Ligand code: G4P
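The chain below stands alone and is given in structure tokens; this is the form predicted on its own.
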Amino acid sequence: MANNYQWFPGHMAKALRAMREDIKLVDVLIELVDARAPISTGNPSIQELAEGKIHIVVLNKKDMADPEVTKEWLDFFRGNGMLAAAVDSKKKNEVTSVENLLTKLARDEFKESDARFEAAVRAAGGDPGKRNVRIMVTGIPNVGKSTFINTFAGRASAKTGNKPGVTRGKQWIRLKSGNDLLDTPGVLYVKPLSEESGMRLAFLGSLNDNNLSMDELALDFVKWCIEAYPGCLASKYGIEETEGLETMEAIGAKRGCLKKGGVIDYERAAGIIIDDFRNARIGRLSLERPE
């Protein structure tokens, strides 16, 4: 049976409602997307929430994406008047550069004449001239948000995991710079996904694997990879690429995914193929590029 690439758990709807209130507390919104699929892993709901705020789209996991395609995406976003950066969130200097940019932009927009702000800060015993920048980091599940935040904060402040749904509640984190960071749960778009976008999210692990047929998912990936990056699977696994199912079976046989009687174990083969893609062992592949 073909996969239905749709998934929006109830806790995400609740998180999205909470974000509508939380966004009022921050100056800056960092939206993480996966560099391998920046549109499919983006969230129009978040973009709507960001109206009136400094908003930067961060293409995370750039080390796993096709570098030429990532450059095209940065040109695309910047050409549409958006702030955009590509990072490997495990590298402190790349994450810090994002904070430095946003801190400067936010402080440039602070209005020193805002009487209500000054009065509130003075009443709290603070200096209105030293207001911290309040930053919200958000993104759909499994785009590497927790790793980004931990690198941002310089310590393991947020839970990390390799499956969607690890971060369920919001938390404020004080950064070494003095800025305040608001972490939020991963939120998928409320409206139905297109078949193509849903499939890309499933490839990346942003949908719950337990709700999917993994052998069908792997077959869909193999078909896509043969078309988008011909020769890539042949080079990785030392097999001959033909059509999708035969290629998947060849990979399974090469990796010893066999049941009694030499029958292909599709479930094991699927697990190897999807895991290799998600960890960039097949190569630096991008699932979509600007039209």
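In this text, residue numbers run from 1 along the sequence as written. Here the structure is a predicted model, which means the values were calculated and not measured.
There is another form of the same protein, the form predicted together with ligand G4P; it is not shown, and what comes next is about it.
Partner contacts here mean any heavy atom within 4.5 Å of ligand G4P in the predicted complex, and among 71-79, 195-203, 208-216, 138-146 they occur only in 138-146. Here is the short version: of V26, L49, M64, A250, the single residue with a heavy atom within 4.5 Å of ligand G4P in the predicted complex is M64. Among D180, D88, E99, D220, the residue placing a heavy atom within 4.5 Å of ligand G4P in the predicted complex is D88.
Among residues of the shown chain, T41 is not one whose heavy atoms approach ligand G4P to within 4.5 Å in the predicted complex.
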